[in-house]
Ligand code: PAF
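One chain comes next, on its own, written out as structure tokens in the form predicted on its own.
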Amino acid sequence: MNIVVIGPGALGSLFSARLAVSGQDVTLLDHNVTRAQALANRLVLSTADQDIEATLTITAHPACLADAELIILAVKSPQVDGLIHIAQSRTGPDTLILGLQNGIGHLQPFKDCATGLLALGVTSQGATLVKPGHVRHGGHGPTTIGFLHPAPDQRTAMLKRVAAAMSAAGLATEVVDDIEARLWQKLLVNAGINGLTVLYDCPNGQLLGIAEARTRLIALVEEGALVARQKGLDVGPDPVGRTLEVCRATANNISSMLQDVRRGRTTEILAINGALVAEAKKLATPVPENELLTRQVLMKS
């Protein structure tokens, strides 16, 4: 399968390396010409017991999109809409575009597409960018992908091919019919953890030992779960318990949002808690903790 991954960050590098090592034809597309040239068509993938060198095409030239069967968007939410337009202007009618973003701030173009050309994914794979071109696979977790609307049979078959290719590359992936609910399930975890790690400047697990942080985490998730259920989405019986468990399981992790703040980059707070607040307003549902956290993180970033 001819695959183009857009975005050389942790997730994009992980998926690129894993897919390339498994034998897929992978191109990693970077917006930075100098960095793309410096990577010299190789990525280093570190696992628990070894370093693996992946050879693939790394370029800053979007001409590579023309022959892609699959385009994986491994960028932040604000970039998604523009990149979809760029990709669709350079690809054929059968190319599948898969978005792998945190939050729900990027969903509109996927909601507008009922042809099976745009798919969404949620992943629990753990990846840390050691430096450009070197990614550490820190933990395995499921990836689910799906369409927001029923798709033609040939598009569903294509999505299943993608899932099989990812699974064969060591990225266990399943096609699901309820991808929006899965997005919200992850959203609630991120909404409860990421912003608070910024405020308290700590790894995920330390939130559990700070009484005020733990109380706020619970309130953030409960507010989000109420909004999701009002939208008719199944977020499971215990989203708070799930979020606390993720905190424990990733106790030493530095959240991507805290990493962004430490590096002086724009955070995804508006795509996570901010987007949750926007959905709540449509339903006239108060979510004061999410509103407060969004303001506080914006002040720090």
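Since we're looking at a predicted model, the values are computed, not measured. Residue positions are given as counts along the sequence shown, with the first one as 1.
FYI, the form predicted in complex with the named molecule isn't displayed, but the following is about it.
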Q: For the three residues 186, 190 and 246, verify that every one has a non-hydrogen atom within 4.5 Å of the named molecule in the predicted complex; reply yes or no.
A: yes
Q) Does residue 46 make contact with the named molecule in the predicted complex, using a 4.5 Å heavy atom cut-off? A) no
(Q) Residue-level contact is defined here as any heavy atom of the residue lying within 4.5 Å of the named molecule in the predicted complex; does residue 255 satisfy this criterion? (A) yes
Q | the named molecule contact at residue 250 in the predicted complex, heavy atom, 4.5 Å | A | yes
Q: May I ask you to state whether residue 101 is within 4.5 Å of the named molecule in the predicted complex, using heavy atom distances?
A: no
Q | Stretch in contact in the predicted complex with the named molecule, which is absent here, among 192 to 200, 151 to 159, 128 to 136, 213 to 221 (heavy atoms within 4.5 Å) | A | 192 to 200
